[in-house]
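Just the one chain here, laid out as structure tokens, in the form predicted alone.
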């Protein structure tokens, strides 16, 4: 397995700190609002990476924090007339509603800033003890110029950083490049006692403290969105390595931005989409499929047409899975010859599995992995709809391969390791019986020369992933895209 490491700027063979084990820390949301599409991409990407490590047989300890102490939370709480801790707790709960909808598994630990104040204070004291931080009027600042190698993650020089640096009103830092580890309390803000007086942590120190507590030093994977490379992750490295003198994380993984019609998503442009809104418009499975449709390091452009394509793709998967389940349950066993025998599907299953793993081994290329999933769909559809020999054992292997691919990509919910679809599901909400009823109604409409109704049924089924073909004998149907 090779992973692109932001720290070195190249793909590297994955070698964990402890053989057979993977420690992952991924930056979670600041809990002052519902999560948006950009947040969702990071959640789904790193959930999928975690799933693939598990698929490869690793034991994974996955940590994802909640930032529940922050300026944004304080300001939002003030606007809404709420206690900041109450506001943060509300949006932690709302986060899980959206994450569950996207089939994102819970982290092994979801640490919160407010629960780790002693660890944060101890880490700041260690940094001060090594001469890399100083106290000024109740604030504590990290002295950036005293840490060798600052800027190596983001590839920025101190001279470049100096040009854009400034000291905000009320700050007492010695150098514009320095950043806050601890902030003195202001009226109406949450605070904790510390050696420097009442105050609260700066933004960056929290992740250094929580990662160290739960994963130790030199853990395997640190992840987050590309917007966190600077200053957040750059500062984490400085703090953590400054305090311990040891490497912080071995592999730094960052997902690319979401764009909206090729413009960066941002609140200032008014083009931010909340996951809560999108899952009312589209099936969550389609949203997850869309979020994995491009390589995680590349930008991903959102537009309604792309989402409609994802909906059709999910319906195609559901149609195939429904037919496969019906065949294996015996409901369609009379539709063709069964038994042992050579067929194309049996010949390609191992190849498909190899291609899927090769795609994921190459820096978690979910776009190629999805292509393999749809190739499997095509092969199963061919086997089920053409007059080739249907071997139950081979079709069971195909079902197992669907399940294995889904355990990695997480498109559909799972139950006992298998894809969990509603009984009789075919092409979304269609069942086999409903499909036959619609075909019969269309046949009657054509007989009565009601071609508008007949065309409406045909076009509606096409949108759901099913194509009707009129023949001299009767109507045939097949999966769209074949």
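In this text, the rigid core denotes the largest set of C-alpha atoms whose superposition between the two forms falls within 1.5 Å. These numbers were taken from a predicted model, which means no experiment stands behind them. Residue numbers count along the first chain shown, from 1.
Omitted from view is the form predicted together with the RNA, to which the following refers.
Not one of 93, 96 and 394 places a heavy atom within 4.5 Å of the RNA in the predicted complex. Although the partner is absent here, residue 327 lies well away from the RNA in the predicted complex, with no heavy atom inside 4.5 Å. Among heavy atoms of residue 262, some come within 4.5 Å of the RNA in the predicted complex. The RNA is not drawn, but in the predicted complex it has no heavy atom within 4.5 Å of residue 286. Heavy atoms of residue 224 reach within 4.5 Å of the RNA in the predicted complex, making it an interface residue. When the RNA is considered in the predicted complex, only one residue from 274, 161, 128, 185 comes within 4.5 Å through any heavy atom, namely 161. A heavy atom within 4.5 Å of the RNA in the predicted complex is found for one listed residue only; from 74, 368, 89, 104, this is 368. In short, of 78 to 86, 135 to 143, 208 to 216, 250 to 258 it is 250 to 258 that has heavy atoms within 4.5 Å of the RNA in the predicted complex. Along 33 to 68, a non-hydrogen atom within 4.5 Å of the RNA in the predicted complex is carried by 36, 38, 39, 42, in order along the sequence. Annotation: Cα of residue 442 displaced by at least 2 Å between this form and the one not shown, core superposition.
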